[in-house]
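The chain that follows stands alone, in the form predicted on its own, written as structure tokens.
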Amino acid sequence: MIERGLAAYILKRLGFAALMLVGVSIVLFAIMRVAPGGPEAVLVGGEFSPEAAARVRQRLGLDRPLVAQYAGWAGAALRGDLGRSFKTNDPVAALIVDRLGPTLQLTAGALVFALAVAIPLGVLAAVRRGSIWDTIGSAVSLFGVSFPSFWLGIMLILLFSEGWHLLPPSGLSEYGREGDVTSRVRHAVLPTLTLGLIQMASFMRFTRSSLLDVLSQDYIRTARAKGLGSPRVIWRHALRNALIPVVTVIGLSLPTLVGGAVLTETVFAWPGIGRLAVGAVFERDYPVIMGVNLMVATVVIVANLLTDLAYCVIDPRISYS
């Protein structure tokens, strides 16, 4: 059973999360409505006229007071109805679900790749401080945090697709081979590398600095004085405590990961949530923009909660009672 203190903490965080989602939705809804331009400029077609624009706004309900528009949208959202796209008239929830799989594949793959490479390299750089491995790790970390994802993606396309013809430059799979796992993996390599390399640099830097701090603690010196081998001291005692700040960075990096996915999906024509959001912004498709941002805000809030709960697993001394 969940201890009462932990259950109370989770309920408290969920209450704050609900208030935060309401605040995010109000701010975003207001910004979209007061921003210059509107969906009528895209939907009128042909020759634009004030009369045609007024008819479009009336049909979409945009001529009503702002408070009434938000109340109608929020009431429907509470029932699970995120509205319909102004452009295609498809349910927003269906559009998001249709694009969610590729985005999850991309972000999860990038996160796994970043952690699988960053933690061992960070440990190696900390244990062999001042060596060639430390220098290489610092160079990789500096490289990763210095270049934006769209530039890195273009460079990888030029190198691996245009130059060496090893990997496809865009898309989720080849036409007619949508079910081919090999094709999907080959198409996922470059966008996953693009998104993962940037996160890897940050994770490796924090792993190195955190482990260096832990290795200077008295209990580590005591463990070594008792005759414990260096690998056991590092992997069983030092690394577990060193991962606490790293877990925090991982949780806080989720918004950056999602934001980077938007640019990465655009560069590689990846059919995910990012491309859906970019298209909705250009088309002034308010319901799609609201639905995507609400989903992203929910994911970020849940990820932060899971990050806090992960502290109990990593360090049993932490308690929420």
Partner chain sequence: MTESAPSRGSSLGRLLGHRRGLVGGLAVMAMVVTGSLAPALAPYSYSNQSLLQRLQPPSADHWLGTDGFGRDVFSRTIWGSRVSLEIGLFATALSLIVGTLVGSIAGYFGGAVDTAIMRIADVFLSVPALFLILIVVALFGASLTNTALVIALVTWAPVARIVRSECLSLRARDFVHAAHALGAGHARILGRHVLVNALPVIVVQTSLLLGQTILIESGLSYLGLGAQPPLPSWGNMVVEGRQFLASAWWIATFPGLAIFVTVLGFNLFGDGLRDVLDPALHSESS
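This structure is a prediction, so every number in the text was calculated from the model and none was measured. Positions refer to the first chain, counted from 1.
Heads up, the form predicted together with the partner chain isn't pictured, but that's what we're talking about next.
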{"item": "Candidate spot L142, V258 and I289, all three touching the partner chain in the model of the complex (heavy atom, 4.5 Å)", "value": "yes"}
{"item": "Segment that reaches the partner chain in the model of the complex - one of 71-79, 187-195, 206-214, 93-101, heavy atoms within 4.5 Å", "value": "206-214"}
{"item": "Interface membership of D218, the partner chain in the model of the complex, 4.5 Å heavy atom rule", "value": "no"}
{"item": "Distance check, V112 to the partner chain in the model of the complex, heavy atom within 4.5 Å", "value": "no"}
{"item": "Close approach of A41 to the partner chain in the model of the complex, 4.5 Å, heavy atom", "value": "no"}
{"item": "Contact label in the model of the complex: M20 to the partner chain, heavy atom within 4.5 Å", "value": "yes"}
{"item": "Single option in A108, A116, V249, I154 placed near the partner chain in the model of the complex, where near means a heavy atom within 4.5 Å", "value": "I154"}
{"item": "Contact residue in the model of the complex, from N89, S230, T182, S146 (heavy atom within 4.5 Å of the partner chain)", "value": "S146"}
{"item": "In the model of the complex: members of 294-309 within 4.5 Å of the partner chain, any heavy atom", "value": "V296, V300, N304"}
